[in-house]
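Just one chain follows, in the form predicted on its own, and it is written as structure tokens.
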Amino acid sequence: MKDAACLTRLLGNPAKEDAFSPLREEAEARAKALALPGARHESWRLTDLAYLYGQDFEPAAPGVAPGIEGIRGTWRIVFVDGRYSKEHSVLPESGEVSPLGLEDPALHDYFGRGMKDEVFAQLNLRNFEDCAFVRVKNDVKQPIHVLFVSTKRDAPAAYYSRMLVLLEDNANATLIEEYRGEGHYFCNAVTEVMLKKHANLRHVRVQREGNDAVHVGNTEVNLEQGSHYDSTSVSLGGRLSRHSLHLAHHGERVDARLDGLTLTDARQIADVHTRVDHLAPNCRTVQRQKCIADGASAAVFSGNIVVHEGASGTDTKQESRNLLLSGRAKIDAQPQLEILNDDVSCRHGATVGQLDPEELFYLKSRGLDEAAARKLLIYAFAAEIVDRIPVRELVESLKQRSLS
């Protein structure tokens, strides 16, 4: 079986011996028990993993990445092939943002506690080298840019990126989580977020990796009373990509906004899975996901909002809007609500369409050629998501990518 052989390769090297060794041993045992997804795994049935299982990914040796460009005006933590790069990082003297934070008890209090039924998250916990630890105690005015870069190499390589984000009571921060790279590689990413009471996090996640890359990401967000989580996730790159986002509303009056944009072309496969658990009363979630598929690509969105017993006064809205640019492209959109309480306001919907011929004709009548008119309409569709990103330099770079 190719999936079993792939798991064996990914577990090939002995686990690193460090302060996390007990967690690594437990993660290896769980990964073996769970096994990699096959055709019968319900949550993976729409995602063809043959490209992943057909590659001989081996653990990545340290690489060198010259000339990394960050975003101006940000604190920056850079990881190259899963390892912290001090020379490319720019950190505040306050110590609130650090590459590892191994000496901080707070990291060990929250690290690796969830996602125990996610095999790729367990592989990450077993194999990760370094971890970005972002702990915010007050207000951080400058955006924090955590950049994960993969270097080009001769043989297919696997590397593991990891980040833990902790916002204390009443803290505020803007976080940019970005993935870049080129060549054949497998990026396995895990991000854990904890927002304490009345904390406020603006979280931007950008995946724009190489055309031959595989990206599997897992993000878990735990929200305490009165906290606010505002997320924008953009997926542009990779031959095969999957991002799973899980939110849990543990306290009353939590407010979450989730925006997502996926662009696929050629033979790309991109999958976004989300789950939001409303566990406390009077919480709100607004989710808006957009997919644009061209060529022979495939895009998947599966979003599940669960309102548990006792979560009265819940207010949710879930929307999936999708644009097909080719007769060979495919989009599967599955917004879902699971409601176990009567006193709620919950709405959801999905649409799939093509570029409007009348809008194309209008733009062409104003002097634009066919290609320029199509690009303009495509960006107009995407702009509702991209333009909300609070860093203009990043917005402009994403605009150029989506119009190329």
Partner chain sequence: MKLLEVRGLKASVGGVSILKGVDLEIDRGEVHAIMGLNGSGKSTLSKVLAGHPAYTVTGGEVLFEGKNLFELEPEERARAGLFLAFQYPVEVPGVSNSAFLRLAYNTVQASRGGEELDPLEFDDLVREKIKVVEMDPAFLERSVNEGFSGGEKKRNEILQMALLEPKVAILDETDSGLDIDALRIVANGVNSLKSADNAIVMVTHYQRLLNYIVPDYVHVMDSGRIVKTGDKGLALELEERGYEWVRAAA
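Since the structure is predicted, the reported quantities are computational estimates derived from the model, not experimental observations. Residue numbers count along the first chain shown, from 1.
Beyond the structure shown, there is the form predicted in complex with the partner chain, which is absent from this document and is the topic of what follows.
- Although the partner is absent here, residue 359 is a contact residue: one of its heavy atoms lies within 4.5 angstroms of the partner chain in the predicted bound form.
- Contact between residue 367 and the partner chain in the predicted bound form is found at the 4.5 Å heavy atom cutoff.
- Interface membership of residue 389, defined by any non-hydrogen atom within 4.5 Å of the partner chain in the predicted bound form, is ruled out.
- Although the partner is absent here, residue 395 is not a contact residue: none of its heavy atoms lies within 4.5 angstroms of the partner chain in the predicted bound form.
- Not one of 27, 33 and 35 places a heavy atom within 4.5 Å of the partner chain in the predicted bound form.
- Judged by heavy atoms within 4.5 Å of the partner chain in the predicted bound form, the contact stretch among the candidates 36-44, 359-367, 340-348, 57-65 is 359-367.
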